[in-house]
Every structure is written in C-alpha cells, then in structure tokens.
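For this one, two forms of the same chain are given in structure tokens, first as structure 1 and then as structure 2.
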Structure 1
Amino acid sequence: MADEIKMKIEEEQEGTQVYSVPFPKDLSQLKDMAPIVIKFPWQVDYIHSYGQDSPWFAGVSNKKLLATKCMDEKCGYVCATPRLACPVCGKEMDWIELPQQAKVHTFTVCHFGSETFLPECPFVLALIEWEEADTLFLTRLLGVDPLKPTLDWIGMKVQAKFLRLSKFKPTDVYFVPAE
C-alpha cells in the first residue's frame, strides 16, 4: 500500500559490520574510552582518455609498435613517441609501423623507482633508436644484469616484447637483447 508508513529499515549484509562494541557501565567513563577504529574499503573509478595516443596503445595491445611521420614530403620527420603535429614544421603527422628490432642508444640503471617498479629495482631504462625514426623511445630493458652494466650495451640490437595481457600502459612493451 502506498499510504503505509515505513516502520523498519531493512538491514543489509554489506559494508562495515560492528560486533561487541565496548561500552562502560558508568557514563562518566566515556571520556576515557578508546577510540573506535574501523577499516573502510573505498573505491574511486577514474576515467582517463588516451586521446591522440589511442592508436599507439591499440597497436601495442596488438603487438605492433607505432610511430608518427610528418606528411610534408620535404620534412618527413618521424617521432618514435607519437605526435599529432610535427615538432619541426608543425604539419600534420600520420601513423606508421616501426620494426620490432632496434638498438640501444643509451641506458641507465635505476636503483629506486615508483611504487609500481620498486619490486623490480634495480632495473634498466634504455633509450631505443631506429634508423627509421628521428626520436628515441624510453622503455625498460630486460635480459641484462643491472648489477653489471657495461658500455657494450650501447648499440646492442634489441627486440620488442609485449605483455600477453595488455594493461593499456606504456609498460606493455619492453625490449630484450636480440638473439
């Protein structure tokens, strides 16, 4: 019936449930009571758009490395880290595929990293170069010993590897020494 007054709130089995909360017999002792502390799970859904970089992430999830190339025939500048506009002449750029083999331009050994990379420390970050590209690509280099770095790694041929299950993060691709 629509005219009924709700007399009872239905209880749910979700959220925080409290049992045996201590309560003093004498109200004068309430000021001495220890604070009640509860653990409350909290979730926030953050929506992020990859915008102009969406094709790059789609490529990586399909095991392809994409770059952008200036559409101006006189310029032809290629960015290994994609851009919509050419950083040299400002003209529009178009998507191209890069080879999955490249070489190490330079590297560094990271002994500390963000929370994501902390369990992997130390790890190697490398700038990767392609003959086909005018810029470098920053990525992790696996398959080398970060505790025994050597200048022999510079110029070393490397092969792209991809996570089996894409997380739509730049770390979905990494490089290892080419066989």
Structure 2
Amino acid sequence: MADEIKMKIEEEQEGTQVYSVPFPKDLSQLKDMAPIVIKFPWQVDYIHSYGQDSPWFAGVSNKKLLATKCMDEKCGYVCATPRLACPVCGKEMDWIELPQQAKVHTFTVCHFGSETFLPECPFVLALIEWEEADTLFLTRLLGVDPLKPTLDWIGMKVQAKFLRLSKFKPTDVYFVPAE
C-alpha cells in the first residue's frame, strides 16, 4: 500500500482542442457563461549581447576569473561582478584578474524555482566575497549537502571550478569548498 493515497490529479496545461461551444437561445443568459480560456504558446530566440562585459565570459572560458578596477588612483574600487563604469566615481574601469579562492558571504538552498531551473532543485546559490574586491559575485556552490544547510557555511573558503565546455553563461564558473 502507498504511504499516501493520492486524492487529486495535479493540474497541468495539456488540453483538448475545441472548435465550438454551446450557445443559449436567450442572450440574457450570456453573463452567466463560464469564461473561455485558451492556451497561447509563446517562444522566442533572443539574440543577447554581453556588450562591454564580454571579456569576462572569454575569461572563464580560459579558466580565468576577471573583475574590473577603477582607473582612478584615489578610488581603485574593484567590482567582482564586472561593470565598466565605476559605481563610486563614474570613471572607466579596467579588467584585472581575481584569485580563484574566495569566501562564502551568504547562501540559500533553492527547493523550488523558475521553470528553467526546476530540474536542478535543490541547488545552492551563494554570494562570494574576496579580500581583493569591494563587491560580491553570485554563483552556484557545490560540494556541500543541500539538505543540511548551516550558517557555518558563511566564511567558508571556496575554490573556483570551470566548465570544460563553455556555455558563455555566468555558470561557466562555480565554487566548491577549498581543500
């Protein structure tokens, strides 16, 4: 016998094609009619450019983790998630390389999510910090048990790992606990 007896069929969006519906003789009955609900498929291939951020993706494809640094000597702000305009002083920023070891700043375990990522649940999202950078980087954290999360993960030393076959997405790099 099953542990739990199913009492409900989960709703999904498959349906039957219908080309006609009944119609009353008396028009005054129309306002009591149930709403007609139709399915409208919507799919698009969007041609997305990373523009000025593109070198970062070339970097992870070559196992290098890039960041940007403000060219102004007095400022020198470093963005671990690159921007080419300094968020502090507005000057242009330059590309620099970041160390591949860093620390967990915060994290979560996603047990649900957007449609795209549902098959990967549960997965760990983390923001990573570097002593060498003023801002953080959003990434996936692997090598920890997603069913046993603990605040002790914060501050943990982590190591960057790179996909061998690049997808040219920020997930071409991910982090695991450092040895």
Partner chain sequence: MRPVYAVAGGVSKFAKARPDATYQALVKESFDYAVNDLGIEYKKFIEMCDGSVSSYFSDHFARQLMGGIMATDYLGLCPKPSLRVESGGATGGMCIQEGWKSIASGQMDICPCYGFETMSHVNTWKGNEFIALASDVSWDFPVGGFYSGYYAMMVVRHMKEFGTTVEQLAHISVKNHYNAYHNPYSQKQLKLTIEDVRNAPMVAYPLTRLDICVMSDGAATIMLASEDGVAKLEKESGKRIPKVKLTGIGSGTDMMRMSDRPHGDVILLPNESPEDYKDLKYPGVHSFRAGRTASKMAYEMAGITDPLGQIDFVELHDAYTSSEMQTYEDMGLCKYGEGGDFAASGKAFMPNIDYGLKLKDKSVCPVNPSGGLIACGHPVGASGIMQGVFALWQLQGTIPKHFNDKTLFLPDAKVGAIHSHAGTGTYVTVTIMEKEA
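Rigid core (definition): largest C-alpha set, two forms, superposition within 1.5 Å. Since the model is a prediction, treat every value here as computed from it, not as a measurement. For residue numbers, the reference is structure 1: its sequence is counted from 1.
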*Of structures 1 and 2, the form predicted in complex with its partner chain*: 2
_So, superposing on the core, is the move of E131 at the CA at least 2 angstroms between structure 1 and structure 2?_
no
*After superposition on the rigid core, does the Cα atom of G143 shift by at least 2 Å between structure 1 and structure 2?*
no
*Threshold 2 Å Cα movement between structure 1 and structure 2 at P24, rigid core reference*: yes
*Once both forms sit on the same core, give the Cα displacement of D45 between structure 1 and structure 2 in angstrom.*
6.0
*Per-residue Cα shift, A34, between structure 1 and structure 2 [Å; core superposed]*: 25.1
